[in-house]
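We begin with a single chain expressed as structure tokens, specifically the form predicted on its own.
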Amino acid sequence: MFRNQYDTDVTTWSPAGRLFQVEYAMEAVKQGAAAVGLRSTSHVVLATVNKATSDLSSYQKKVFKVDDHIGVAISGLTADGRVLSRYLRNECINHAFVYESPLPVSRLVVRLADKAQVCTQRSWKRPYGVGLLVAGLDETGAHLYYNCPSGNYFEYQAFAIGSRSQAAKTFLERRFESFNNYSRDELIKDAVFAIKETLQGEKLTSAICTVAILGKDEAFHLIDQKIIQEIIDSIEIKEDAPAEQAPEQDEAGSSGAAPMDI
């Protein structure tokens, strides 16, 4: 079912100056599983929600290693994300072979954006229906980029994409000013908490959460599920603690002087 007569082709402009096919691709990102990225001066953390479509199937992989100094988390069409991650991997390998040095993160992100933009300008192509959070570390420090299906890219201190990501963004906006001074473990904990916010009442376990980290003297890798579960448990203990203390405070208040009669 078409929205109107201007969305049958990616190169057709609407009178309002919009490309509906590109907007549909961006909507696919919003409908995908949530992905979160945070960075400090020395580390970058990526976290995603991995939900299986059926109890009988495994989940789709959402985090991909590109090189020792670069990794990506995706939201949207997983097949498109897999193709783009392979493209990024090839670019890193080719650069290392020719120049014998790691590919700078900003240069890789621009190449990815150029590749996505071409698909918005060819009638025989369609935009990639996937958004990528690109985490990287190079000579200029730690970086976190978001690559949009439209061909735009933005650098962030922290960002969230995917389904119900607004709750995670709200949490990150309250705390991002202190991220530069965060330790490795603090970044991981806030990434897990941000993912928990996107579930909105559903129970978070290590089975449906993937967390990866990249830092100085630490190549990009996935964090063990046991460690993630320990972090989740510690978060739940902290959340339960105020609820347990509240009745004690009420009892203490009731044992004081009686209120004045009005």
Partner chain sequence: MALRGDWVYENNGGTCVAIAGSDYCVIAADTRLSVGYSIYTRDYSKICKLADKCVLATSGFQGDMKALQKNLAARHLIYQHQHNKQMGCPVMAQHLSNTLYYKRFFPYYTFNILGGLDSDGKGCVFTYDAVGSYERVGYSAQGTGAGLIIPVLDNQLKSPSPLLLPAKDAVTPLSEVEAVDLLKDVFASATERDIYTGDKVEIVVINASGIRQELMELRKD
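What you are looking at is a predicted structure, and each value in this text was computed from that prediction instead of being measured. Positions refer to the first chain, counted from 1.
Keep in mind that the form predicted together with its partner chain is not shown, yet the notes after this line are about it.
In the model of the complex, segment of 137-145, 157-165, 121-129, 82-90 with a heavy atom within 4.5 Å of its partner chain: Among the candidates, contact is made by 82-90.
Any non-hydrogen atom of Glu100 within 4.5 angstroms of its partner chain in the model of the complex: It does: once its partner chain is placed as it appears in the model of the complex, Glu100 has a heavy atom within 4.5 Å of it.
Touches its partner chain in the model of the complex: Val66 (any heavy atom, 4.5 Å): Although its partner chain is absent here, Val66 would touch it in the model of the complex, with heavy atoms inside 4.5 Å.
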